[in-house]
Structure formats: structure tokens, C-alpha cells
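Quick heads-up: it's one chain on its own, the form predicted alone, in C-alpha cells.
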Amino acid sequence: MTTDGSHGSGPVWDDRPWPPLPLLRERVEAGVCVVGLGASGLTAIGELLDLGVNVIGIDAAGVGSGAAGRNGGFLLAGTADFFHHAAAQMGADRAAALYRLTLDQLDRIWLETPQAVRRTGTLRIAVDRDEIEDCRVQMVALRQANLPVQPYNGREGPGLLFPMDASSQPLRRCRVLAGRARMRGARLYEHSPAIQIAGDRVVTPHGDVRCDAVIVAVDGGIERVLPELAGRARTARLQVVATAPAPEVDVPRPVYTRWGLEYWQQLPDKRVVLGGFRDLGGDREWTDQAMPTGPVQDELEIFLRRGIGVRAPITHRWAGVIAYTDDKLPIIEQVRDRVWAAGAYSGTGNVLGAVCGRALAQTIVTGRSLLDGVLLPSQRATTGLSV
């Protein structure tokens, strides 16, 4: 691995000062406690505030310090599975309904944080005949469901264009959401890990939250926070690099290829962000340690030079951890009395996680949500908590 001073430097997204939030050092009370201050948790907090709930949010590290602020900055509609695979598993109607909800959420994200979003569309590029055929089947299924997609054959190769997808500065988005939530009255605490979680109480090392309900909005490591999810969620490391400005290439929209395993985009200042090659890291990448490693970083640099044509030096190397499920559908459910979980997005949490965060906030307060009949049961025994 090249040693140019960039090993383990942190994400390129951390480009502005962030005044740290306080630690939780006392007993506090709220209607709902949200554990996890990434995009899904902060979206849940915003929804709870809209519903008039007194809310507290805590994070083991900081705002956007997990997968939400350490990913590749793609805003993709749908789930981790390509649409035709999701339709085969969920049923075409449910898969289409979920896809439309993520399209609506993309619009919301753009309107909420335009300073952190570019409506660029994205490309899926096929690497061989099998993937070309899979793109064809995917396009047919999307068009049958009246969902936006276009065939593509450009300098990147053959594939599909998804015109409604977007690019984001994910850490900036999280920080904007956190600042807005605090201005609206939410109390947020960093470096306050949840060491005990029950429906009426969340304990941290130096304080505790008394509450009526809890949302655990964690992606990578969710099976450690909630051990009952072990065996259903499994955490993996994703590694990323970013470069100095690279005017020698022009990447107008984010690209993913080789069945989504590699992904890259060029930022407005011409820097290139590239992630991938997790499969080449072997079993060592099934870990919750967000540290870049030589073998995967070497593959990223080779592809950066030979596959994309970037000559600019690498300035940032980082990793993030996300959780996967076998069916590539997120975990969104009640796991304990008055404790709800949302996470394990299998690599596509930027948009789907926000949908899930909103849905859990709605479920807790009203007993109904936008995901009823899609990812949540259509009918539940409870009608919401009085918070």
C-alpha cells in the first residue's frame, strides 16, 4: 500500500469544523430516546419532532461517525438488491411500493439538505455478459412497474442510468440535520454509548435517559448493540479512498459496477472518491473494525489508476462498517418491549435508512407508518404510545 501520509486519514467528507456536542452526564427524561446519530437516527428525530415528541438522541462516538458519514456518498432508490431480485423475493407490488417510497425520500433529502446533495443520477455498469443480461432484466422489471430507468452505453461501458438517484456529502447532511434538530429542541449527546437498553431506560457510562420508547438506529454493529439480532445481521467493513483534484478525468455522475461491488464518483472540486473490493479482502472484512487494510487499499489504488485513469495522489483512506442481512432487506421491527430497531441496510442505508427512521417514529407515536404493508405489518396490536 502506498504510504503517502494518507493511511487511515479519515473520510474526505470531514471537511469543516464541527463543535463537539456534550456527553450525557446526568439523568434526563424524554418521550423517545434515539440511539444512533446517523442519517436514519437523525431522520427519526426529525419525524418525532414533527409529531410533537420530546426526544433525546445519543451516539457512542459522534454525529455521522458511523456508516452514515463514512460511505461513498451515493443516494440510491430501492433496496440493496436490484429491483427485479427484490420483486422476486418480496412480490412485485411490495417491491415497487418500497422503491417509490425511496424515490419520495430522495426528494425529501434534496429539499431538506440541498447544500449536501447533487441530483446527478447514477450509472450501473456491467462488466461481463452475465451482468449485461441482468441489467436488461432489471430494466424490463422497472419499466413494467413504471419506475424510472434508461438504457446506457457510454464511455464507462454498457448498463443502466437511474435518473432520479443522487450524490451526497453524507457527513455534511448528518451535521445539518443534527444542528436543525437541536434548534427545534432535541437534546443530542455525543460519546455517550448505550450500555443498557430497555423500553423505559437507556443507560450510558455517565448518565441515563428515562423514556417511553427507544429507537435503536444503528447500521454496522447493530448485532452487538442488540444481541438478539446476532445471526440475522452481520457486520462488514467497506474501504474507500479519495484523491486530490483530478482534472484528467470527468465522471459526471456516480458509477457502480461489478454487481455493485465497486463504486466511485467525482466531487465538484474534481476529487475522486472510490470504494470497493470488499470481496477480495476475504473473511477479514467481516469485522466491525473501521480500519483500512493493505490488500484492499492496494486493489483500490490499482483500479483508480488503471480502471478510472486517475493520476492525482490519494489524500484520504478510510473504512466504515455496515451490517448485511441474508435477504438484503433491512431490519425494522420491535425487538424488546418498547424498543424498536432499524438497521442492517446491506450497503444502501443513505435513503432506505431515512425511510425506516421515519417509519419507526410514526409507528411509535401513531401506531401507523408509511411502511405498513411493505416492510412492517399492516395491522399491529398496539395503536402507538402516548409520548
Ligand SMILES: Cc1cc2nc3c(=O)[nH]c(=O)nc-3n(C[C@H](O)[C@H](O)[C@H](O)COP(=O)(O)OP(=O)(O)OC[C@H]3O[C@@H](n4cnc5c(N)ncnc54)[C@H](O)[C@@H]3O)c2cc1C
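Remember, predicted model here, so these are calculated numbers, not experimental data. Residue numbers run from 1 along the displayed sequence.
Form predicted in complex with this ligand: not shown, discussed below.
- Residue 65 is the only one of 325, 54, 65, 334 with a heavy atom lying within 4.5 Å of this ligand in the predicted complex.
- Only one of 345-353, 46-54, 325-333, 23-31 lies within 4.5 Å of this ligand in the predicted complex by heavy atoms, and it is 345-353.
- Although the partner is absent here, residue 240 sits close enough that one of its heavy atoms falls within 4.5 Å of this ligand in the predicted complex.
- Contact check for residue 215: no non-hydrogen atom falls within 4.5 Å of this ligand in the predicted complex.
- Using a 4.5 angstroms threshold between heavy atoms, residue 58 counts as touching this ligand in the predicted complex.
- In the predicted complex, at least one heavy atom of residue 225 sits within 4.5 Å of a heavy atom of this ligand.
- Contacts with this ligand in the predicted complex, taken as any heavy atom within 4.5 Å, map within 23-52 to 35, 36, 37, 38, 39, 40, 41.
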